[in-house]
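First comes one chain, alone, set out as structure tokens in the form predicted on its own.
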């Protein structure tokens, strides 16, 4: 697939977007974006340094009074135009996303891009529904109401697995609420984040409202989080890095939103539709080549179905087509990099010493040898406390374990530090209700795994972080609630003054 999109030409002026313009970085350090399917070079650019972050924050700060002072209707109209521009450029976004990430183009065109357009349309509407509590006289002598106000300049950091969607999840609720933002995408995958900001400018969103700085985490990222003019940080990434972000943010008393790692359980009860569970497990574990923190990674199967589940999942995994991301027939693309492929392979190799590799467990050769590919892998007979069960692998690897009682299945599902997503597979309403109540995760699907909606919140429990992306709930992260109270008595000396001076 080639739609005439020229990366070198598009980003000839640099990979920073500050104040409505593409600019080069000033760090003196360069990075090359690599096509993970071929190992070839896509774009070499200069990374952002601290001066670039300062400039982006200054642009966002300058744009804040005008943008926050616009009416909800004015912001909404511009964001509706933004959604339309994104839709018009859908092919370019899909091409760039697949090029930098190695995603199969059918995933980019059917999931990443339309999901992002829908997010933009949702927040365009939601911008007009930022309401506070209705006015009332709660003590009889005063009228109270609640204002919901923008908080200022947001500094956010997005990961490399869903660059376009993560840019949207960070930017859209922040700007819909009247904030301005500086986003640092992963240096591996900045292209669609930059295009997203350019599309906002084309739609008429004022310069400085959305800024992109593409730099290394230790330099640009930490400086952004610690910047005195940044009032909030939203971070998506690993739990380990999230702890560092929290350390920096709390030192300057910033508002903080974290969406961190996951190790999603996939609990199959003995009355489940086996065919549905098998297909759900393969799709849920392999989406985005398993580089998804909500991906199904731990399948717990009640013993009567266990052997058949292992057999059928392995057989279905073996039919998954690995290949060129731009071939419409490809099901599974490469991992993001050769380093990530080697990390995944190392998990599997260590597991050979204590578990059974049912299928997969190797990188393909032949025409795919130059890419960061790894075959879909099913592991069985691992212990609950083993590395592959407890640690986030972030690759096309599913581990399956048996359980006997419902109590045991739910306990095993909860037995990790993470709590981002989970699913329960059953025909029994009471089992389903119990699973959704007791499994500790921010999202629990029943008889499916992975679908997300703009209207519904996304966020985790425990070490998976706190706060919500998407939905109206995300405005809780990006707005300040203010109580306003009016005296209604016109009396100079209030009754409560007697606690300070005089008698009743």
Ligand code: NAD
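Because the structure is predicted, anything quoted here is derived from the model rather than measured. Residue numbers count along the first chain shown, from 1.
Beyond the structure shown, there is the form predicted in complex with nicotinamide-adenine-dinucleotide, which is absent from this document and is the topic of what follows.
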Only hit among 359, 302, 165, 236 for heavy atom within 4.5 Å of nicotinamide-adenine-dinucleotide in the predicted bound form is 236
Note: exactly one of 179, 285, 211, 161 sits with a heavy atom within 4.5 Å of nicotinamide-adenine-dinucleotide in the predicted bound form, namely 161
Of the candidate stretches 228-236, 87-95, 372-380, 147-155, the one with residues having heavy atoms within 4.5 Å of nicotinamide-adenine-dinucleotide in the predicted bound form is 228-236
With a cut-off of 4.5 Å between heavy atoms, is residue 244 one of the residues that contacts nicotinamide-adenine-dinucleotide in the predicted bound form? yes
(message) Test of understanding: in the predicted bound form, would residue 458 fall inside 4.5 Å of nicotinamide-adenine-dinucleotide by heavy atoms?
(response) yes
inquiry  = Would you classify residue 217 as touching nicotinamide-adenine-dinucleotide in the predicted bound form, given a 4.5 Å non-hydrogen atom cut-off?
reply    = yes
Proximity of residue 306 to nicotinamide-adenine-dinucleotide in the predicted bound form, heavy atoms at 4.5 Å: no
Those residues of 185-205 with a non-hydrogen atom no more than 4.5 Å from nicotinamide-adenine-dinucleotide in the predicted bound form are 185, 186, 187
